[in-house]
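Only one chain is given next, in structure tokens, and it is the form predicted alone.
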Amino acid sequence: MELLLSIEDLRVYFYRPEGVLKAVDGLSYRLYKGEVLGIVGESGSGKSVSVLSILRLLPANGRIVSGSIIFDGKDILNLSREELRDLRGKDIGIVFQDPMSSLNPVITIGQQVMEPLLWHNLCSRSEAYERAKEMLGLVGIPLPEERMKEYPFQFSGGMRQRVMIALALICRPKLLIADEPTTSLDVTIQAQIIRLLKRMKEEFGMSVILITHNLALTTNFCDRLIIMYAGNMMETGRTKDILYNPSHPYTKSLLDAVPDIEVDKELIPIPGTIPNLIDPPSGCRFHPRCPNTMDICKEEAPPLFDIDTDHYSACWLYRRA
């Protein structure tokens, strides 16, 4: 498979009056062309920050302090502002979790979907209109020509998210980042949005990074998963291996907390809360909440140990003697 994105030892810190918050602290992974990668973890684990770093869309107090981000042969961290603007929307599209705050309330839907094409000078205004209308139809907006003239408040939550997907895909990017795209939607609409993303991925042949705290959404969509906790990678591997043969205690805890209507099982919440990343725990960051804590867990951060083919776990339980 051909490599599209390579992230090595990424560290993203936020500088606050009370101290330095280490939101992402040493993340490395690769994404191949046509692949779907899921990044899963609780709120505050660094998932969104890690992908916003790819587009260098961090808040003013955020800094990428070390590491490298290579996208399609380009060093993202060394691109000029003009080069970044050319990359955003054209080669990398993003769908945010709250479409109402992402869409401009006083500009028509048609104008907003057309804008990336016009910004990047990819076609004339009349052609942009036709392509926007076609894309709205592709993502399941009924009567797209009529709805092009409407405003975001006239659309339901699920329809606004479809508009966001159309906007992200209008330039046919090589990579689509979907940052918690179903968070504010009910379960039925969530399933529809994931099916739509899957169909669009197959139609355009692009790569996808799906950010979610819901493991169930990754089942039939993602090829590989990364499990993140408190800014660190806990486990990574093929989706079926993570879901059916989890190795890290944190991954097992996440799965234990997922309800299953087909199986009568007790839901087991994860005790405690995500630590303060201004002053994170020593050693493994999960050790204060882990049922398998050993002395070494409190003293040294574990490396990624080989579990199986393309399956790795950052847990001292797999240390070889």
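Note that the coordinates shown come from a computational prediction; the quantities given were computed from them, not determined experimentally. Note that residue numbering begins at 1 and tracks the sequence as displayed.
What comes next is about the form predicted together with a small molecule, which does not appear here.
- Within 4.5 Å of any heavy atom of the small molecule in the model of the complex lies no heavy atom of residue 253.
- In the model of the complex, the small molecule lies farther than 4.5 Å from every heavy atom of residue 10.
- Not displayed here, the small molecule is kept clear of residue 72 by more than 4.5 Å at the level of heavy atoms in the model of the complex.
- Residue contact with the small molecule in the model of the complex: residue 288 places no heavy atom within 4.5 Å of it.
- Site annotation in the model of the complex: the residue of 213, 131, 147, 198 reaching within 4.5 Å of the small molecule with a heavy atom is 213.
- Proximity to the small molecule in the model of the complex, defined as a heavy atom within 4.5 Å, singles out one entry of 292, 61, 273, 282, which is 61.
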